[in-house]
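Okay, so here's just one chain, in structure tokens, the form predicted on its own.
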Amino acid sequence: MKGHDLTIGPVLFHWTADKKRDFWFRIADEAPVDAAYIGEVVCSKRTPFFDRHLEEVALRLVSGGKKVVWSTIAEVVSKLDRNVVGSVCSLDDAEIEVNDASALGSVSGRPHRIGQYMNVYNEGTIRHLARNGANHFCLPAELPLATIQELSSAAKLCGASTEVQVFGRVSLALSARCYHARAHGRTKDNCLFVCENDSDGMALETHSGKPFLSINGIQTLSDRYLGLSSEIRSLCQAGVSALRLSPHSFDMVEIASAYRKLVDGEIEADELNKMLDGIGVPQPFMNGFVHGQPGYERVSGLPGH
């Protein structure tokens, strides 16, 4: 599996500016990843807190040998959202990851990436987007292995590559309203950035008290953490060229190092899982989607068997 890229996706949560800056600095200096995705994806209201640090973060990542990709907002519903998307797409010589169709007009005709928030579910969509400049697709997290293989083959025929998330909570839905604010008796316009209190999302339980989902502003995430380990070899054989880690407040340098060892064949999947458990990542992991099962399930064996 050597030769496959390991990437770290955009920070989805509203961390303090200092925490987020220090996180990216440490990723730049210590994490064995090939590419890093920066920029606000969930809520444009958060952008003023960190915009002043983006340039130095990008420079630090480049100095650390990482490719920098700028991600756009995943749901555009306001003028502020449109302005944020426009400012990212106007960056000179920047590699852009598009997470909402509103950005396609701004990047059409130039090389760009398609993020996992775009609904890329079939070969026709791959071909259409590739004709307009898309050269890399981070596929939606809910796809089974057979579909991943078909889309990877279609992308290859178009001269493009594919990426799949292998760690972290999975995005399930985005809303125009902010449930995070509403749960604290506030409105979206007067949220007072309450989402900052939940570094990895706010736990949402069923009426019977069982863990159900995680809330991050307007975003609904899985409660369980995606942890693909035994499946990575199958993903690589299916044509996936990059494996994405979604950032959380755990030691992401240690997590990236563990996945790097797995991808390079230095450790086995069971050993990776033990290392993640030792880092404090809640168990059990979920891996159902890639097996064609409900996403929250933990399935034994290889996908497709």
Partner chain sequence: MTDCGSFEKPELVCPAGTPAALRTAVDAGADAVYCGLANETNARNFAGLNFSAQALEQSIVYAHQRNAKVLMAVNSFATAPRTSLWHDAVDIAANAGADAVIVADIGVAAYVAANHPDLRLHLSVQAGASSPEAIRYYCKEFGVRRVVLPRILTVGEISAIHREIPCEIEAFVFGNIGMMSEGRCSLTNYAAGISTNMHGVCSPASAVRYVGNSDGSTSAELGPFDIDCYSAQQPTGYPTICKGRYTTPDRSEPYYAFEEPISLNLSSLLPDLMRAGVTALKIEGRQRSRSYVHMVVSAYRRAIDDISAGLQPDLTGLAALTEGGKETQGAFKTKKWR
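Residue numbers count along the first chain shown, from 1. Because the structure is predicted, anything quoted here is derived from the model rather than measured.
The discussion below concerns the form predicted together with the partner chain, not included here.
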item: 4.5 Å heavy atom contact with the partner chain in the predicted bound form for all of G3, L80 and K156; value: no
item: 4.5 Å heavy atom contact, R233 to the partner chain in the predicted bound form; value: no
item: Any non-hydrogen atom of T206 within 4.5 angstroms of the partner chain in the predicted bound form; value: yes
item: Any non-hydrogen atom of D100 within 4.5 angstroms of the partner chain in the predicted bound form; value: yes
item: Distance check, P111 to the partner chain in the predicted bound form, heavy atom within 4.5 Å; value: no
item: Listed residue that, although the partner chain is not shown, lies within 4.5 Å of it in the predicted bound form (heavy atoms), from L139, A74, C89, L228; value: A74
item: Any residue of 209 to 224 that, in the predicted bound form, places a heavy atom within 4.5 Å of the partner chain; value: K210, P211, F212, L213, I215, T220, S222, D223, R224
